[in-house]
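Presented below, as structure tokens, is a lone chain in the form predicted alone.
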Amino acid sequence: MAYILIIDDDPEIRQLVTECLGDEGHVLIVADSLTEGRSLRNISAFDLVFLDVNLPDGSGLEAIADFKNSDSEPEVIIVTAEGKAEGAKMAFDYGAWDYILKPFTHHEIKLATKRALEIRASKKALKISSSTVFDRAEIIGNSPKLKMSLNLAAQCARSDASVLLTGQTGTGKELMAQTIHKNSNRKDGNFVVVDCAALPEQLVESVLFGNIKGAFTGADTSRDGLVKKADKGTLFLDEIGELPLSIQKKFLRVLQERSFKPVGGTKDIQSDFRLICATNRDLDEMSENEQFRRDLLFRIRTFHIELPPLCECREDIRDLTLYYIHRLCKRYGYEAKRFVPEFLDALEAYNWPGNIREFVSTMEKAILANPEAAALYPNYLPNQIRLEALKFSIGNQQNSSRPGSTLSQTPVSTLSIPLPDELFSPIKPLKQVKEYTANVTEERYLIELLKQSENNLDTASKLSCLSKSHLYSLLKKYSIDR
């Protein structure tokens, strides 16, 4: 028996799903809005949630992570009339189990339910059988996308299968590889890093596989290669997309046989290693262009973990800020510093093209900008970050001059702010008039922002340079219903 929540504003759909599963022995609870669904989630632990996309008070797609991250961690199945590939991709990115189109058959609902509950049962069994807790080490944050990557990493750590880590530069691929190694049964072995982009082409084979004395000019002694040093441990090939094709062929044999010949050698040497690779390049595209061997790609991608960029995990910026302030202050022997709210606002408004690597460097510069200061202020940040924070204050004016924008087509008269007469009472201070005017302006800006972004919070966040969490709080402040 499972507890199943059905969230759909169409009573016929709720009735149909209930009829499909009514004879399966499950406990079925229905809701007609996200608000009601969230309330029910807080008072009951669900195993499975059927979730519509277009609901009267929000998008089901944007709520997937909210339900997935609740205490009971239910599986989520999207049921929608929108057959858009973008919607399906977003659903799967946020961890939905299935994406079912309306109209659907009884068989589709029953089969999806059966499969989702089977995988849920296997996850529970895996948690119970696991004797150790996954140690995430220095990976900071709890955003939905980061948690998905960590869940996959925990799964990888329990086996010796090859792992491919992909993501933008600076997203922490080497740190994730180290974390997988430290949680595996090879944690007592070496973690050997190979930067494929820095290997001299003429010495790649020698560095990887070693050489015997006299194998080439300058080979005065025999040397073990990095593959041998990774025996009983983990071999991490960073930027594997830069590995020359000639070496790719030889390395494929090493993966298949777990043996190799050093340069100039005649005998095979064994090495029992676990392989983790990383790249910021599209290896599928490279293989289509014959720049990367497809057979090697299949061998290194048993598990595939894509690390999200920091701009998609803005919820983590506060935790990252606290962590690195403590860590960097301790490194330099400073007293722990606090930060003013505007400092965090500036960090959350920036898009971080360099990801975590850029973030850490920025925090270090901010702390060193004034070692004696007890608090961190926005003026300790680089100019480009401060400018992003300022865009919100001037964004309304910029949008009004942009061709084709909603605001540019709005007559000035409709944006006038009516002030109630009681505000001008002699006993009312001018400050109160100013605060009222600012609040009305901010509320109208948010309404126009949602119109311009078609109620898409990701788009609204980018247009306004506000973090999604900050945007949520502002919408709640003014009771703006999307």
Partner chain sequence: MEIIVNMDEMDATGTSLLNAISHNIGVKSTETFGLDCFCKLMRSRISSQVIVVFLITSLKEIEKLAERRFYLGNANIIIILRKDFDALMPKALSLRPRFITSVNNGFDEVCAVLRKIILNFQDR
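Predicted model only: the values in this text are computed from it and were never measured. Positions refer to the first chain, counted from 1.
We do not show the form predicted together with the partner chain, though everything after this point is about it.
Chemist: Judged by heavy atoms and a 4.5 Å cut-off, are 190, 193 and 361 together in contact with the partner chain in the model of the complex?
Modeler: Per the other structure, all of 190, 193 and 361 touch the partner chain.
Chemist: Which one, 111, 133, 81, 197, lies within 4.5 Å of the partner chain in the model of the complex by heavy atoms?
Modeler: Filtering the options by heavy-atom distance leaves 197.
Chemist: Which of 226, 100, 387, 212 has a heavy atom within 4.5 Å of the partner chain in the model of the complex?
Modeler: When the partner chain is considered in the model of the complex, the option within 4.5 Å is 226.
Chemist: Would you point out which of 343-351, 147-155, 103-111, 329-337 contains residues with a non-hydrogen atom within 4.5 Å of the partner chain in the model of the complex?
Modeler: That would be stretch 329-337.
Chemist: Can any non-hydrogen atom of residue 325 be found within 4.5 angstroms of the partner chain in the model of the complex?
Modeler: Contact with the partner chain, no.
Chemist: Indicate whether residue 266 is a 4.5 Å heavy atom neighbour of the partner chain in the model of the complex.
Modeler: Output for residue 266 is no: heavy atoms all beyond 4.5 Å of the partner chain.
Chemist: With a cut-off of 4.5 Å between heavy atoms, is residue 123 one of the residues that contacts the partner chain in the model of the complex?
Modeler: Output for residue 123 is no: heavy atoms all beyond 4.5 Å of the partner chain.
Chemist: Using a 4.5 Å heavy atom cut-off, state whether residue 374 contacts the partner chain in the model of the complex.
Modeler: Because no heavy atom of residue 374 falls inside 4.5 Å of the partner chain in the model of the complex, the answer is no.
Chemist: Does any residue in 161-178 get within 4.5 Å of the partner chain in the model of the complex, counting heavy atoms only, and if so which ones?
Modeler: If the 4.5 Å heavy-atom criterion is applied to the partner chain in the model of the complex, 161-178 yields 174, 178.
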